[in-house]
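In structure tokens, the next block holds one chain alone, the form predicted on its own.
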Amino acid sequence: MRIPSRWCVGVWCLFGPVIAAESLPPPLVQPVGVLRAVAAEGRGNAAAGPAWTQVAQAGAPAIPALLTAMDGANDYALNWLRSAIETIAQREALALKTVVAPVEKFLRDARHHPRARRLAFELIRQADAAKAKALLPEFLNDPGQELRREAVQHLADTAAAKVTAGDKAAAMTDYRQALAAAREADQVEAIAKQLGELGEKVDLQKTFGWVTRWKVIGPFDNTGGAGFEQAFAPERELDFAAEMPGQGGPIRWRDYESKSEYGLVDFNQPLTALKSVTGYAAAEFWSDSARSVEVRLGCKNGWKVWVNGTYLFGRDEYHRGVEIDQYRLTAPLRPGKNTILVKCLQNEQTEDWTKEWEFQLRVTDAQGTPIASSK
């Protein structure tokens, strides 16, 4: 088969931005290119089958280059490449030790794809479990959640063993370090619980970094769900001194501070329990510099979010469950004051499990590290 020219000007014309890495053996350049071309809705799958077979027949020395080929790949291509590498590793299990050094070098370079680095770690563990275990502490603050999570769990397990051995002080030190590194809600909660059992209460509100100080206004109408598309006054202009027409008469903004450990902004508290209504919450968020952040929201009601007047996203659905960081919205912050506006809607259902009219929101970096307002 003739190799298209776009694959021939050096291996990395195929893969995009160059990261210093192993070069693919020439016989693998074309089939790897086919795997990387797989896309949604089955596009490229027919050609990918034979290409996968060719790649999966490679020897263990090709593994570092195949890991690098995962850089910049989409999820479909990543699955094909990962499967091929795992097949090679299973067949060449005895030869894996010969490539541990270049695989470890790949693993330590955080510029590589996080899923590829995670696979590299698994390959090292397959070849040398003791080495993999010794590497784990290095990933406690890794930018890839795939590695960070296991490193946090390893440290928490170490702390638990120290509790069993009767060394409470050392265990608490480890738990505190694990908590500082944890970025996923279940790990944060589990570690906080362990510290609590050792007598140290964790401030979950601060740990998660919820935005807790808001101005709220409502109710506006949401009869028949029409409020989701209707742009009420707060969407047109944020004037906190203004009086505006609400569902039952004139309404004004009022101050609200969440006392919840989970940062819940509960409209039922200031506005009373209502149905078929719309509420708004606005917060000032100060940044020392221009930067990109993630606005992370949890909400079981209908909702929309704006930052500095720019609409980010919304969901017109109700009572489907809520999770921490349920929705992750990328937004730019400007230096100084920024404004976050949340629209939260309640529908007409009256069952007990539909009474919640609330949301939780925090601002983080891409890894989930909380970012606090500078004022």
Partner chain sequence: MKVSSVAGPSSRICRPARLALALACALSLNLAADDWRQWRGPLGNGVAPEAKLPAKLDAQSIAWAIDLPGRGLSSPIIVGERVFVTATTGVKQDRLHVLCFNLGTGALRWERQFWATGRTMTHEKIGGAAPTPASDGQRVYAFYSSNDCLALDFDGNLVWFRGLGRDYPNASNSLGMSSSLVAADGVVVAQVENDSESFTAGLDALTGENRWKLDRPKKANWTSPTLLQGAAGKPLVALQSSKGLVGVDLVSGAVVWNYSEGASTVPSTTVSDGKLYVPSNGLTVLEPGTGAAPKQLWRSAQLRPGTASPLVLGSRVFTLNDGGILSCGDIADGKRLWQLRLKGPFSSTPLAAGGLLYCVSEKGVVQVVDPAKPEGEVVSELDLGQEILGTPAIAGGSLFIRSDRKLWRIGRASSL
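For clarity, a rigid core is taken as the largest C-alpha set superposing within 1.5 Å between two forms. Quantities reported herein were computed from a predicted structural model and do not represent experimental measurements. Numbering follows the first chain given and starts at 1.
Just so it is clear, the following notes concern the form predicted together with its partner chain, a form of the same protein that is not shown.
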_Please pick out the stretch from 39 to 47, 58 to 66, 24 to 32, 338 to 346 that is in contact with its partner chain in the predicted complex, where contact means heavy atoms within 4.5 Å._
39 to 47
*Non-hydrogen atom within 4.5 Å of its partner chain in the predicted complex for each of His154, Lys168 and Phe359*: no
*Sole residue of Ser287, Ser83, Gln269, Thr212 within 4.5 Å of its partner chain in the predicted complex, by heavy atom*: Ser83
*Is the gap between Tyr76 and its partner chain in the predicted complex 4.5 Å or less for some heavy atom pair?*
yes
_With the partner left out here, check for me: in the predicted complex, does some heavy atom of Glu261 sit within 4.5 Å of its partner chain?_
no
*asked:* Whether Thr87 contacts its partner chain in the predicted complex should be assessed with a 4.5 Å heavy atom distance threshold; does it?
replied: yes
*Proximity of Arg334 to its partner chain in the predicted complex, heavy atoms at 4.5 Å*: no
*Along 345 to 366, which positions have a non-hydrogen atom within 4.5 Å of its partner chain in the predicted complex?*
none
*Can a Cα shift of no less than 2 Å be assigned to Gly314 between this form and the one not shown, given superposition on the rigid core?*
no
*Would you say whether Leu333 is displaced between this form and the one not shown, judging by a C-alpha shift of 2 Å or more on the superposed rigid core?*
no
*Any chance the CA of Val38 moves 2 angstroms or more between this form and the one not shown, core superposed?*
yes
